[in-house]
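Next up: just one chain, as structure tokens, the form predicted on its own.
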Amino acid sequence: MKFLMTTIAGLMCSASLAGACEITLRSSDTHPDGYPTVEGVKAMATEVKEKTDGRICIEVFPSSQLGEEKDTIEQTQFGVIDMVRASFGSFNDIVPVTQLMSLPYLFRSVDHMHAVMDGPIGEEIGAGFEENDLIALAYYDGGSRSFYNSQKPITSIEDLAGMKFRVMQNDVFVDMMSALGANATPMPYGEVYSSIQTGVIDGAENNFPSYDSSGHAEVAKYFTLDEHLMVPELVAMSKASWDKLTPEDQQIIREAARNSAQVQRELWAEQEKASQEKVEAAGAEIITEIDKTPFIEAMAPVYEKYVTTPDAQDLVKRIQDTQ
């Protein structure tokens, strides 16, 4: 009975708080509750509620409750949804400059990516979203993708020669594998485990949490930490919803979003570390001693093919020059 009364009191308190909200913003995420991106937006919601004395509330809808990424981005553009967290890859058709973020080895490290996205270049890229009825609030960490395989440790570009790797259905990734001397095999993610197990492919590429949760570490125990792809994630707000706020409230939301990026990045780093420790304990071999320079130099034809305009070439150079 005591538990029941406590629960009822908690629900009444929650209802009371919810009732105090003058503005409720709905935010969408495809990831499940507890995932770093979801918890990041929740941290933002907490800060916004505190700094507005409960006037503005952000309600987070995880697990694709409001739709898949591309659908919810469109709904956010139209103001049907107030906020969305999505990968840069899902914005490629809307804000073309985001396509450059999928170039292999564009970022030297996670710290380099953060320095780029948190600086003037991130502000410049964000302006492109506003032209498409979205306000870029904060850049989250989507992790880095590396190669793993069932055959041997990969320590040099020569080790990749002739190997077959599953990649996403994307021309850039197919061309990346070709430039590295390997063979790209696009296939659905769900088929990767059995395809490695039966020798249809030698391996695939992804981040530590996916390598762990998918069970791929069981059939492909050699993980080479080359970090060839780091694609930022974005928390964006509908311009229609944004324009209804006072400048003071806009500043509160923007500041809370940027603070939430630090929370999300820390949570993601913890999740990566936990997944790495788990796969290592199960027998996976993590190869960290690798000279990335030949891998990066091999991307010259890929960049030549996809970075074709002077503006794009200038942006890539400025990203690479960022310290």
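Numbers follow the displayed sequence, beginning with 1. Under this definition, the rigid core comprises the largest set of C-alpha atoms superposing within 1.5 Å between the forms. Owing to the predicted nature of the structure, the values given are computational and were not obtained by experimental measurement.
Omitted here: the form predicted in complex with beta-D-galactopyranuronic acid. The next part is about that form.
S.K.: State yes or no: in the model of the complex, is some non-hydrogen atom of R55 no more than 4.5 angstroms from a non-hydrogen atom of beta-D-galactopyranuronic acid?
M.R.: R55: no contact with beta-D-galactopyranuronic acid in the model of the complex.
S.K.: In the model of the complex, is there a heavy atom of beta-D-galactopyranuronic acid that lies within 4.5 Å of any heavy atom of E59, even though the partner is absent here?
M.R.: E59 lies outside the contact set for beta-D-galactopyranuronic acid.
S.K.: With the cut-off set at 4.5 Å between non-hydrogen atoms, does D226 touch beta-D-galactopyranuronic acid in the model of the complex?
M.R.: D226: no contact with beta-D-galactopyranuronic acid in the model of the complex.
S.K.: Could you confirm whether M101 comes within 4.5 Å of beta-D-galactopyranuronic acid in the model of the complex, counting heavy atoms only?
M.R.: Heavy-atom contact with beta-D-galactopyranuronic acid at 4.5 Å: absent for M101.
S.K.: Does the trio R85, R166 and N207 actually contact beta-D-galactopyranuronic acid in the model of the complex, every residue with a heavy atom within 4.5 Å?
M.R.: Affirmative, all three are within 4.5 Å.
S.K.: Given that beta-D-galactopyranuronic acid is left out here, which of E255, E266, D33, E69 has a heavy atom within 4.5 Å of it in the model of the complex?
M.R.: Looking at the other structure, the residue within range turns out to be E69.
S.K.: Going by heavy atoms within 4.5 Å, which of 86-94, 235-243, 129-137, 151-159 lines up against beta-D-galactopyranuronic acid in the model of the complex?
M.R.: Within 4.5 Å of the partner lies stretch 86-94.
S.K.: Just to make sure I understand: among 176-200, which residues lie within 4.5 Å of beta-D-galactopyranuronic acid in the model of the complex, judging by heavy atoms?
M.R.: Read in sequence order, the lone residue that approaches beta-D-galactopyranuronic acid (within 4.5 Å, in the model of the complex) is Y189.
S.K.: Superposing on the rigid core, I want to see if E205 changes position between this form and the one not shown - specifically a Cα shift of 2 Å or more.
M.R.: Where the cores coincide, E205 still shows a C-alpha shift between this form and the one not shown that is 2 Å or more.
S.K.: Against the rigid core, is the Cα displacement of H228 between this form and the one not shown at least 2 Å?
M.R.: Where the cores coincide, H228 still shows a C-alpha shift between this form and the one not shown that is 2 Å or more.
S.K.: Determine, after fitting the two forms on their core, whether Q77 shows a C-alpha shift of 2 Å or more between this form and the one not shown.
M.R.: No: Q77 shifts by under 2 Å between this form and the one not shown.
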